[in-house]
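Have a look below at one chain only, the form predicted alone, in structure tokens format.
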Amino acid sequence: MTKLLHGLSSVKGFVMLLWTNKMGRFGLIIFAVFAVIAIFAPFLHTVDPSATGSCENMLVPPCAQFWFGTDDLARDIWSQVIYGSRISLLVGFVAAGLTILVGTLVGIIAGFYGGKIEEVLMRIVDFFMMLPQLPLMIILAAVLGPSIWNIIFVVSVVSWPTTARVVRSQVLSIRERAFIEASRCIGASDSLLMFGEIFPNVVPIIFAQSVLIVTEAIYAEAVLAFLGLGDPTTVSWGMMLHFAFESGVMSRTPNWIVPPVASIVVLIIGFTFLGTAVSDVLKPGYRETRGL
């Protein structure tokens, strides 16, 4: 219980530290707004976003009944935008979690052991980093089939090498420090050194990296869905743009296009600012320069 309270206190302190940074404050506000929208979507004047309406309600412009108008199947665009935030946040956070898990594990093992193990792992990382990301994602998504979980898998496959390389560079520095040698001298095992001593010291860089991966995942989902590689049964901002393009009336229905595009752009900007703020806050001496 004491450890839990200490962890919650640390998280609260870190969030408050982010709040002192202008970019961090802006990013936190944007994230909070979209999180609230995603959680309370059923209470925000929404209907079933997949439910089609009657013919007279097709392509209706914004009005009192349909705040953002309707699409070519008379589906409420406002509801689609609201529920689409759930998919974007789901893809972003789950893909970031998988990416960080794999990348951190590979980076710590490669940096700690060095030698042939590092050589093999880094050559695998180099191979994946050499491949063009967007074509690779398109090919994998097309082969695996239309599914949100497949998109999450595809994003994770192309994103983990960057995390692995960043973590490895940190581990190479940390493993030479005196406290690691001291722990080794008293008989600490390799697993204890890697995950008990080194891992806590790379958490800050991992956290900063995970925030940036969220933005990449949100963007990738929108692009793949727009190209027709998303799940057509799932309402997302990318699928909204795909259906708008397929309808042939894209140029005449800005109320169908602007909301999902604006949502994607604002959310990505918010997480980008948040990632930059996290990097700034974690720099040595940040508290002292702000007088905190």
Partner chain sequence: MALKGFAGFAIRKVGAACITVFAIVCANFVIFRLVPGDPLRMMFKDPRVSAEQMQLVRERFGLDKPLGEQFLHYLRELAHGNLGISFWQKRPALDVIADRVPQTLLLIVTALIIAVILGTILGAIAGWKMGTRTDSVILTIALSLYSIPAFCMGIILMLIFAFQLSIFPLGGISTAASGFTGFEYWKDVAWHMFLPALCVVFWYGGEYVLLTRSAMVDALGQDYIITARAKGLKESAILKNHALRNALLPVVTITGVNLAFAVAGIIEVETVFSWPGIGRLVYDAVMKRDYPVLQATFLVFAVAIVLANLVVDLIYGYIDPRIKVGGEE
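Positions refer to the first chain, counted from 1. Please read these numbers as outputs of a predicted model, since none were measured by experiment.
One more form of this protein, predicted in complex with the partner chain, exists but is not displayed; see below.
- This chain is displayed alone, yet in the model of the complex one of V120, A178, V203, L134 has a heavy atom within 4.5 Å of the partner chain; that residue is L134.
- This chain is drawn without the partner chain; in the model of the complex, the residue among L192, L73, I139, V166 with a heavy atom within 4.5 Å of it is I139.
- Stretch-level contact check against the partner chain in the model of the complex with heavy atoms at 4.5 Å: of 254-262, 28-36, 50-58, 63-71, the positive one is 254-262.
- In the model of the complex, the partner chain sits beyond 4.5 Å of every heavy atom of I148.
- Under a 4.5 angstroms non-hydrogen atom cutoff, the partner chain in the model of the complex has V223 among its neighbouring residues.
- The closest heavy atom approach of I269 to the partner chain in the model of the complex falls within 4.5 Å.
- Taking the partner from the other structure, the partner chain in the model of the complex has a heavy atom within 4.5 Å of a heavy atom of M250.
- Counting a residue when any of its non-hydrogen atoms is within 4.5 Å of the partner chain in the model of the complex, the hits in 97-131 run F127, M130, L131.
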